[in-house]
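Before any questions on binding or motion, here is one chain by itself as structure tokens, the form predicted on its own.
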């Protein structure tokens, strides 16, 4: 039985990338260089998929990490919060080549989690009275203003974990966990890049953060 389950989820990176289509909204985990699926990101720059909306904390640096997607002209929109490392984001936005939806980091994380648990949105005081309020609903509760943040779903989530079992249960390494668990919940299709795959029953149940029901594809990290 385990071999059957393994064959259903473990794929080559080439086969995994074939599941991504032009126009997809793609979540990519990571905070800077921690917890990001480097191999999947590199493969994404090489597939025939364009007009992508990238949902991520940041966009790497020019022509590095996720920044390679922007340099290659594959991005039509960004949803995230920290683009200071990549000046090409501002250049492309100001030129009208991409859209950028800036969301404060806490609201960004909670918006992803909301999508994963089936919540349409939530109200927060964060960003009220700032430029980020423009175009969003503002509502008053108990005499104070709150901003509506809608849930942030994705067609595909590219995530990274340290260890998976053959079912797809995931264990993360310390702070490399970051956005990975909530993105696994919010993506319709979840592709997990992992360093090690072990037999079912090998993992301590208390160490499993992402249950296998959230993981569709496993890709073994090559190094």
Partner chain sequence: MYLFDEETAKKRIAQRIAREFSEMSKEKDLFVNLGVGIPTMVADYIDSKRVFLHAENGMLGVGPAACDRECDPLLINAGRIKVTETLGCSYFDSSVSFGMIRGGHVDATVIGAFEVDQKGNVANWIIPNGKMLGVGGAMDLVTGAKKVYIAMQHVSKKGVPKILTKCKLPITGYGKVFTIVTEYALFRFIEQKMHLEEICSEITLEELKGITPAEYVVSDELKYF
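Residue numbers count along the first chain shown, from 1. This is a predicted model, so every value here is computed, not measured.
Absent from the display: the form predicted in complex with its partner chain. The rest refers to it.
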Among 150-158, 65-73, 45-53, 31-39, which stretch has residues with heavy atoms no more than 4.5 Å from its partner chain in the predicted bound form? 31-39
Distance check, residue 90 to its partner chain in the predicted bound form, heavy atom within 4.5 Å: yes
Is there any non-hydrogen atom of residue 104 lying within 4.5 Å of its partner chain in the predicted bound form? yes
Would you check, heavy atoms only and a 4.5 Å threshold, whether residue 190 touches its partner chain in the predicted bound form? no
Is residue 169 one of the residues lying within 4.5 Å of its partner chain in the predicted bound form, judged by heavy atom distances? no
For its partner chain, considered in the predicted bound form: do all three of 22, 219 and 222 come within 4.5 Å of it, counting heavy atoms only? no
Taking heavy atoms and a 4.5 Å limit, what residues of 52-82 are near its partner chain in the predicted bound form? 61, 81, 82
